[in-house]
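Taking the form predicted alone, here's one chain by itself in structure tokens.
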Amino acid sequence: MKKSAVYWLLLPGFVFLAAFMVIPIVLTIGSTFVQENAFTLDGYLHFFKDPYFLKILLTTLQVSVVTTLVCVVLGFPTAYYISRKAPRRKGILLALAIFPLLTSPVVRSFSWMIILGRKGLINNALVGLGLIDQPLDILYTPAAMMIGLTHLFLPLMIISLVGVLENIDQDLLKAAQSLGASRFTAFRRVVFPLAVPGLVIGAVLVFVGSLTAYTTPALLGGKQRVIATFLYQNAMTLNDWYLASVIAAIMIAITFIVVGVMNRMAKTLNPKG
């Protein structure tokens, strides 16, 4: 097939993406630099000078970073275990890992509200065992949002890692051990560098998903604002579309920065690609 024919086949997709994604994003970001037909940075200056806005941004970054780290810590060994199983058992384990994605985020969030509430399962168990005298305030805190988001995005981390780990030849580990490396050293020097691409993809998906998630933080965070709920509040409740556009532009900028940093880290951890 000629290259020109391939380009013509790709054209509908490019037109669709340009019309419904690229152009709206460009217009949204462009509108933040214009007020009263004049170029301005007042929206961004106002955002970064306001302590309340900065607190929301820092809370969002904290929740996103911690959620990503927890998903890495939980997802890597789980994915490695699944990748080493026979195809039939691997399929069953993957189905179990993916199962949370088949449940609505609203249903999952309400389930966590029952578990984390002051009269929820965790507090009742701790009080019943005599470990605490008063129920803990877990619900409507950043910790509750982290728990809900970890449950929401952990399957993405596992899926991203399994696809990479299952393609690592076990003979490489045996060769490393035959040359005197311990199991841990062989894992650190062989498996981990080769798994970096899946780790980066999974981390980006989890971080960006946590950064932009709305339903879970809105239900589990209560009055704790994150940038997604703050954007919704300004757009739909306060009808301040200019500030909402500024917030959206900041979210897009953070996404590109994170992707760039993760790619740089991937090159550092695996310089040979």
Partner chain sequence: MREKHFGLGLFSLLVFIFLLGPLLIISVTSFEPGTVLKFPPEGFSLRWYENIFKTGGFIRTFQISIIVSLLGNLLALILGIPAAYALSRYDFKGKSLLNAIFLSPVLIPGIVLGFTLMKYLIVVYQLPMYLGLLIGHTIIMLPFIIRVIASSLSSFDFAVEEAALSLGAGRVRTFFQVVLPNIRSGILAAVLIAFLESFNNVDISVFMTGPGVSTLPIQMLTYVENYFDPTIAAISVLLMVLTGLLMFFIERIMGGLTYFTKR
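Numbering follows the first chain given and starts at 1. The structure displayed is predicted, hence computed values, not measured ones.
If you look for the form predicted in complex with the partner chain, you will not find it shown, but the lines that follow are about it.
| query | Heavy atoms within 4.5 Å of the partner chain in the predicted bound form: does residue 158 have any? | reply | Yes, residue 158 sits close enough to the partner chain in the predicted bound form that at least one of its heavy atoms falls within 4.5 Å.
| Should residue 245 be classed as touching the partner chain in the predicted bound form when contacts are defined as heavy atoms within 4.5 Å? | Answer yes; at least one heavy atom of residue 245 falls within 4.5 Å of the partner chain in the predicted bound form.
| is_contact(residue 19, the partner chain) in the predicted bound form, heavy atom dist at most 4.5 Å | Heavy-atom contact with the partner chain at 4.5 Å: present for residue 19.
| task | Tell me, yes or no, whether residue 203 is in contact with the partner chain in the predicted bound form, where a contact means a heavy atom of each within 4.5 Å. | result | Close contact is absent here: in the predicted bound form, residue 203 is far from the partner chain, nothing within 4.5 Å, heavy atoms only.
| task | Give, in sequence order, every residue of 134 to 166 that has a heavy atom within 4.5 Å of the partner chain in the predicted bound form, or say none if there are no such residues. | result | Counting only heavy atoms within 4.5 Å of the partner chain in the predicted bound form, the contacting residues of 134 to 166 are 147, 150, 151, 154, 155, 156, 158, 159, 160, 162, 163, 166.
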